[in-house]
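For reference, the chain that follows is the form predicted on its own, supplied as structure tokens.
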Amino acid sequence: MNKEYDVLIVGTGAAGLYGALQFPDDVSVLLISKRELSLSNSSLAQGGVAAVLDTINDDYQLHIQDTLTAGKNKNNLAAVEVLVKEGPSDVLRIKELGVDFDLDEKGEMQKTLEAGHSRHRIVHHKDSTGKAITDALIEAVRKRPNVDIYDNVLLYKLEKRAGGFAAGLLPENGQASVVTARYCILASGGIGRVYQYTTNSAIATGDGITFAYMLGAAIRHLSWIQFHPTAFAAENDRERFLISEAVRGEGAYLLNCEGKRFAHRYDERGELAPRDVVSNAIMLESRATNSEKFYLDITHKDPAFIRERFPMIYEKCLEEQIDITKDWIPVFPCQHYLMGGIDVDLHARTTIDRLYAAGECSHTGVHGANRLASNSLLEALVFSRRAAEDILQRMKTDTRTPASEESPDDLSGKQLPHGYRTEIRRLMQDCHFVIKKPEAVPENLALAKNILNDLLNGGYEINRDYIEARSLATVAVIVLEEVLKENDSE
């Protein structure tokens, strides 16, 4: 491993991978992944990518308005315009890079409808679009001679230095080392593991947000958390696989415990209302029926169509003894996506010089208070590219500062006690789920602060368990402090 790089990219989802591909061969890039390269929230994305690729039947203004409506008009309009107008070219670029989008009978990219969209504009690969995208991007990145890729490597520290950063890296089975980089792009994903149940992968512990926060970067709207209405209601798994929005887009009915449709009683858009509206409807119906039994029913569609359109969901449900061509799919809301994060401008610049953020860990303002379906992969592509473009522009006049030799860190310490992460998840699930419990926030915040204080000052060994526990506690405290401040101002 080299000791000095031009650019460090933390995370190997769509934002990290696509960002790495923007740099020419004379720019050295280190791309690190906490776990295997293929494990990311991006790879789990099912529905697709929203983009205006047909300007005859669709237009930018419609996509912009759909995004603003879903986001409760709390979006950054300038960021939305960048997303919508620049996004289509990035979608076409990843198609050129090998992403196998589904095609229609004319050989054009097939477009489907999802909740909150006024037009069919979501391009997809079956029901595993994220995996198709990340697999193609990983293959492309591996061919780049200027990009060093390290998986199963923990970022345990990120500190500012003159002219860049020092990053502490701990391989899963190896010795810790410190590298320097002139620029850093955090593309580390979301915070799903701060909840008991989430659609997020195991890496989503808010590490990048925590490192940015510790550097003094502005964090904004971290309490703006999206709960997906239709995660598979598994009995025991913490990580719940998603029953894509596209299933409802293709005509699935949402049923209560009595087998009756109910969504239209809460919103005229019914099953195709935005995610927060449908999630809220389920929770209110749950109270009304005193039951958490809810189902998606797509059995009225042709079985061959279902298996062809949703092969991954079909197979995953079969593993749970549910045949979606014949059986109702048990669903219930769970944590899905983060709209807030590390605050960035239109070039993905944070408030810390040379530090950038892209993808779910960032707050571009694109999503407002609620993300429109299939805008997240688009955001990851557009703003990681913009981050790279800004770095390349700066490098034209940037004077390289010689990196000083970094001494190895002592990572030894006490063993981390069991139960901290479980308690953090309980606190968050209790007071900041779909229907909030503001009266529980002060006590839960105090408990979260006690945990974080011990983690920061307890002298524990620095390893993955510790870093993730510290990140989850930090995220919980930031979220609940923000909620408490909002509650006090009302």
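Numbers follow the displayed sequence, beginning with 1. Note that the coordinates shown come from a computational prediction; the quantities given were computed from them, not determined experimentally.
Separately, the form predicted in complex with a small molecule exists; it is not shown, and the next lines address it.
- Between the small molecule and the residues His363, Arg386, His336, His125, the one pair within 4.5 Å by heavy atoms in the predicted bound form involves His336.
- Though the small molecule is absent from this view, in the predicted bound form it lies within 4.5 Å of a heavy atom of just one residue from Ile203, Ala132, Ala263, Val179, which is Ile203.
- In the predicted bound form, at least one heavy atom of Asn41 sits within 4.5 Å of the small molecule.
- Within 4.5 Å of some heavy atom of the small molecule in the predicted bound form lies at least one heavy atom of Phe211.
- Contact annotation: Ile32 falls within 4.5 Å of the small molecule in the predicted bound form, judged by heavy atom distances.
- Not displayed here, the small molecule is kept clear of Gly19 by more than 4.5 Å at the level of heavy atoms in the predicted bound form.
- Residues with any non-hydrogen atom within 4.5 angstroms of the small molecule in the predicted bound form fall in just one of 67 to 75, 291 to 299, 183 to 191, 404 to 412: 183 to 191.
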